[in-house]
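Here's a solo chain for you in structure tokens, the form predicted alone.
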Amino acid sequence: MTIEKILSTCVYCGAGCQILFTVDKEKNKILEATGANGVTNQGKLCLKGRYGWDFLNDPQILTKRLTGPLLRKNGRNSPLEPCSWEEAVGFVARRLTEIKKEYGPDSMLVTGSARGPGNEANYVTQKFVRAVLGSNNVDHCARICHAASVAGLLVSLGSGAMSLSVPEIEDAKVIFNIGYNGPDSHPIVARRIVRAKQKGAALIVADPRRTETARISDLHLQLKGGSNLALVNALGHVIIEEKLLDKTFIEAHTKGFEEYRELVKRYSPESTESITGLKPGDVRKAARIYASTKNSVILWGMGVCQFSQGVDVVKSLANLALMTGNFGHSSTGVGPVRGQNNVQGACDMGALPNYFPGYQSVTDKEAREKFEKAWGVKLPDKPGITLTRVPEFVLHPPTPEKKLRAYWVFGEDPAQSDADLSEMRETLHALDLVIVQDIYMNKTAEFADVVLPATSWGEHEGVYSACDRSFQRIRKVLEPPKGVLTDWEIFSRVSTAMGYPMKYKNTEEIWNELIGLCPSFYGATYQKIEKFGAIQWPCRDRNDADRGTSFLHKDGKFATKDGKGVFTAVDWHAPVEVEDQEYPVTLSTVREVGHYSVRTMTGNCRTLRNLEDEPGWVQMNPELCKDLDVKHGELVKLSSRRGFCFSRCFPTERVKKDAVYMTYQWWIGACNELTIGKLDPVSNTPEYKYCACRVEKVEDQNEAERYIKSEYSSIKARMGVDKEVWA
């Protein structure tokens, strides 16, 4: 037996925890995972970190590992059948070339992946889209999570990332936690919040649920869903009215304050009480606590971003920090805590329709010419289409010439994760070409013309970006199954087949190319990351003296063109779809600690799978349960104007009577059958956190249980657990 210890970075959230694997190299098996002494986790791991590697062993609980390309050899109505890589690459290259020639470069869209592939794969992906397809139609799942944070903070501060580091959270004096529950989404980050409390920090939580974070708070603002902006404007009103602001900082380092001051005059805690449902005294108390120190931190998550006013709320949160001077030193500022393990990295790498790598705008002539010279091509200067607008550009294009024809889905599962799944299924059916590149069969792959199997996390090298801008190495722990390729090699092969030779020896060669084009990343070499463990961008020099930047906006100098922070004045409006007599309850999607994303990884880990199973749970207030005469564990039917699903009743006092909450990873309990596809006009993020629904008692529980079991078996069979060929 040959035992090795291999250090890598966790694949499950943006905390960037370091894991030490014990590996039997002869059997190609992981024996154990323990926490390493990473900057963020300091030897600790959460459930997913400790047990979430088991999917690499292919236990075939939910889906079967893809170990060779699959192709519908006789058209859309034929089954997916095994084929050679030569056949698969040739098919993809030929079809993309044909579609480009007939309909133009912008008739195709490709996703990046914020999950296992790493930064290098995302760099190659966006390079392929821009240099080979000739389009900026590249995007990834940040669009449905923190795109609002990026868009809002770029306007306010000139940088869309966390302005502080995760370790700095524990030394904050005040934490304003809004729409974010770390114990579920980032347990290791939540430890820093607990430590801050232990050190005497005041914790304010704004959340419609009494979350784990709210339970330990000094003040819980249990506002009504959809009222975030009214609350944040009310906090600004109090800070100005009670002269709690930092006039010196405002005058020296910001602009736009007077317009903002005029707007928030209308947002007193008393006038917004009918919107937020909060007592004016509690809002005033929260404002006073937040403004009492120069070490106040604002943390937020999806409860801010996944609204049709998400960008506006982000800019308004930045307003609070600007007016109190909470920028420019450690343990202060704003913290959009990025959700998935490499969603920060996919943004960093330019898997966005409006930015090259390093947040260099595609409309910037100088930046564009730099990439044209490096890549040897002419590049488009118009921002591309966001992935949340794919249904619009397939089913209802502005003109026939602008219709999307091809969709290359890399490391994503829109048939499970996007809003309004009925519309997404219609979209996938209507496309001329669907390419899926992944490690497991998934719901989207059922619509694919070709499926390309890739290596997984733990089977390749690379770099991830943690939520606080930290570049960290991922390392090859196991040998991949025969028949799969790295994601960057798949794109390189198709690119070469389409006449643009793209050949790299390894990920370090890719990394050196991209950091050479990105001034903010230039100093973050493999050697330096290996030596120091983590390097936070900006890191502009390659000498060891520059180990990166722990906090942004030092001395009040922001990343905007003139160095000034920008106040934005925005009025609140109600969510797009509010409850009514037919649909009297609001639905919000949430996360849970034991599962990740669409569950293809965690659902194939034996320990994590045993925590919960189909059809999941819906959190309901006991009064609502009583009104419907449903008990804990009984099946209920949930309906909206878009569809329905089944789930199990979970009574809890933590939620209000007029709202229910569900996680989105279940197949039968798929809450995205219900969610609405209306978008924030700037970030194009769907309003996952608010739609009108109806909850009904299922009278025949036995028949419903039989349906759940039958449907579950049917889906698993289609995912390959029982079959070699997928029909």
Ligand SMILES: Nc1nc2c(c(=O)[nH]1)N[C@H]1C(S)=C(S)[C@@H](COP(=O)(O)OP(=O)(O)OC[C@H]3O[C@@H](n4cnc5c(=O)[nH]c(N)nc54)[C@H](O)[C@@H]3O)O[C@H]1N2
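The first residue of the sequence shown is number 1, and the count goes up from there. Worth saying up front: this structure is predicted, and the values here are computed from it rather than measured.
The form predicted in complex with this ligand exists for this protein as well; it is not shown, and the discussion that follows is about that form.
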- request: State yes or no: in the predicted bound form, is some non-hydrogen atom of Lys173 no more than 4.5 angstroms from a non-hydrogen atom of this ligand?
  value: no
- prompt: Any chance Ser640 has a heavy atom within 4.5 Å of this ligand in the predicted bound form?
  reply: no
query: Can any non-hydrogen atom of Asp432 be found within 4.5 angstroms of this ligand in the predicted bound form?
result: no
- request: Report yes if any heavy atom of Ala569 sits within 4.5 Å of a heavy atom of this ligand in the predicted bound form; otherwise report no.
  value: no
- prompt: Though this ligand is not shown, can you say which of Gln340, Ser163, Gln126, Asn233 has a heavy atom within 4.5 Å of it in the predicted bound form?
  reply: Gln340
message: Using a 4.5 Å heavy atom cut-off, which residue among Ala454, Val390, Val618, Val92 comes into contact with this ligand in the predicted bound form?
response: Ala454
field: Option from 403 to 411, 501 to 509, 348 to 356, 377 to 385 whose residues, in the predicted bound form, bring a heavy atom within 4.5 Å of this ligand
entry: 403 to 411
query: For this chain shown on its own, do Arg115, His595 and Tyr664 all sit within 4.5 Å of this ligand in the predicted bound form, going by heavy atoms?
result: yes
message: Heavy atom within 4.5 Å of this ligand in the predicted bound form: which residues of 285 to 309 meet that condition, in order?
response: Gly301, Met302, Gly303, Gln306, Phe307
